[in-house]
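As structure tokens, one chain now follows by itself in the form predicted on its own.
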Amino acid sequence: MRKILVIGSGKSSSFLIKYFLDKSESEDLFITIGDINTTNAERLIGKNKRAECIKLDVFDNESRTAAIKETNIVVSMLPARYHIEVAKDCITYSKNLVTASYVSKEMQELDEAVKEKGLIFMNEIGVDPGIDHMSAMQVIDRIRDNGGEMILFESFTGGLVAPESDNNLWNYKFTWNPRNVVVAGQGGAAKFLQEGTYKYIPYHRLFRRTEFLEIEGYGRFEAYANRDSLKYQHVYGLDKVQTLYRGTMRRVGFSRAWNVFVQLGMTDDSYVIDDSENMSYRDFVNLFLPYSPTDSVELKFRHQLKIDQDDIIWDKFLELDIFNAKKHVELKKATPAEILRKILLDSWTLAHEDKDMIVMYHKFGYQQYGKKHQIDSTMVVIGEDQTYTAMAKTVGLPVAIATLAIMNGKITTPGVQIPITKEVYTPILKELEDFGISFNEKEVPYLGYNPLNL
């Protein structure tokens, strides 16, 4: 019996575990799920005799190494910062490793040791990063193989609420780590390439510089720039490209409203607020507004941000109940970002029957035999419920498929890597189609860089 160790069983693990369980008989698998809290894993595996849950604290060397020693391959679904100790153990005990996380500096430094042992450390094999890499490289390689030269590449991804569950004015609910949503875009200016010129958008302007996108059957979206669009320029072989832009998708109107939180300073995670545990939501909002002996918090808020009373953006803040004097923060020594996260969770948590949605949009501009062409490629995945979400599906399935492909010798190239080669992306994208994860491609007239508000 071949053994798979899955470390971490959070919200993105449901489809991953289901895939392994469904394949356990035909592929002769036994799945061990290790987590400091096994409640979710126990619920997901039920009474399946080809799976077990174990208590595993990634910081406890003894339990971690004991579990890794006993398996054939390790899947780490932990937050990225916790992978490194697992990775070092995998080298020590000669185990292949699969993660959905970005390759950290520490992980990349293990590349030589991984290659020396002939191991595969596959990273960035979720949705974004992951499916975005594979689907982009499949088209880029095809263009090159047919004699084309890339001149433009834009890529956008969004984790959103599905249309049938979209019942708030923000057209948004949390489908992944809420903290990452609150602090998105911080840590430096967004950087991208436009018609051969480097462009930068500082954080305080990020949410007012949006591009509009249309996806057939799903309407209009907006996108704001990712922090570093050039990160994969060399990796994708796009060194000569004129335009390179990567962004995050939201429904139209979200960014303008979110920008209010940014301008007030509510998304700041760099300092703590004294006596935060005793504050009401109203008190918290008032911290960021000027003093007035007569004006209400609501009036100061509107005046400070120049929001008219009949503006839809005002209704969005009323809907969040941020001016409630009876709701309390109840977080000790919390940062503004942590308090905002708690307030938003009241309104933006997926209900049990809610469905989420992953949307992805690629634009490929290329020149072939003296003529310019453009391909637009879109993907939409709708979740099933609060457990089997689109986010869990698009993160977990590529991880699971890659794990089995490595075990079965379909992926053999050693080293610390991401899924950008034909050896990796061809079989994985093909199998993802069986689960309804596929792209709709269409040739459109080449428009060049058409950023509207950028």
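Numbering starts at 1 and runs along the sequence shown. As the structure is a computational prediction, the values presented were derived from the model and not from experiment.
The same protein also exists as the form predicted together with another copy of the chain; that form is not shown, yet it is the one meant from here on.
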> Which of 76-84, 217-225, 293-301, 360-368 has heavy atoms within 4.5 Å of another copy of the chain in the predicted complex?
Replying inline: 293-301
> Can all three of 93, 122 and 235 be found with a heavy atom no more than 4.5 Å from another copy of the chain in the predicted complex?
Replying inline: no
>> If the cut-off is 4.5 angstroms on heavy atoms, which of these, 264, 184, 169, 107, is the one near another copy of the chain in the predicted complex?
In response: 264
>> Just to confirm, with a 4.5 Å cut-off on non-hydrogen atoms, which of 179, 142, 205, 332 contacts another copy of the chain in the predicted complex?
In response: 205
>> in the predicted complex, does residue 286 come within 4.5 Å of another copy of the chain, counting heavy atoms only?
In response: yes
> Can residue 319 be called a contact residue for another copy of the chain in the predicted complex at 4.5 Å between heavy atoms?
Replying inline: no
>> Since only the chain is shown here, I'm wondering whether residue 212 would be in contact with another copy of the chain in the predicted complex (any heavy atom pair within 4.5 Å).
In response: no
> Taking heavy atoms only, is residue 195 within 4.5 angstroms of another copy of the chain in the predicted complex?
Replying inline: yes
